[in-house]
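Next up is one chain by itself, shown in structure tokens, the form predicted on its own.
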């Protein structure tokens, strides 16, 4: 388990990562991470531009949203992050963006089937779309939980997207891959209606990607 300062660094890098990948502009969106041993969440401050963000600017709160460390106000999306962390112990990092292509599909108010092997690889199933909910309390967090299934990303109708992972770095990866496949799907839809991969092919690609792809950590 990383130290609190290591987690701080990783959350900061995830916030810079979504900015550098073009998934957010100015100060929209955010990334967070949780230290479950200490019961603390680190998140981007509200309204702070990414270019000005430093690790020390991140705000630490407890799981009830009470500020523990930091001089700034936490992101207004904090209640959604907290709701997800409280109900999914396997999630250690969350990213929220309004990335263009993912959000363009969210405007269609429908899930994205596993059209691509890249969707099968990372998401293992269709990318769900939660219906529009009012921006009050933890309504968005509750909608995300209801519709996410096993996918590491959820579209939010008329709003944007959330991505998740065991760590903030994993959540960043899911957010980047979501926008990448969303761009391809968006372009394909201009030409007609694509066909999803058969379920058995989705399972094969997902299992391959999560078992034999890449390098082993102890290699």
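In this text the structure is predicted, and so the values were computed from the model without any measurement. Positions refer to the first chain, counted from 1.
Beyond what is shown, the protein has a form predicted in complex with a further copy of the same chain; the following relates to that form.
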**OP:** For the three residues 145, 150 and 210, verify that every one has a non-hydrogen atom within 4.5 Å of a further copy of the same chain in the model of the complex; reply yes or no.
**Re:** no
Subject >> in the model of the complex, residue 9 touching a further copy of the same chain (heavy atom, 4.5 Å) >> reply: no
Original post:
Can residue 112 be called a contact residue for a further copy of the same chain in the model of the complex at 4.5 Å between heavy atoms?
Top reply: no
**OP:** Answer yes if any heavy atom of residue 62 is within 4.5 Å of a heavy atom of a further copy of the same chain in the model of the complex; otherwise answer no.
**Re:** no
Original post:
Closest heavy atom of residue 87 to a further copy of the same chain in the model of the complex, within 4.5 Å or not?
Top reply: no
Original post:
For 97 to 122: residues with a non-hydrogen atom within 4.5 angstroms of a further copy of the same chain in the model of the complex?
Top reply: 98, 100, 101, 103, 104, 105, 107, 108, 115, 116, 117, 118
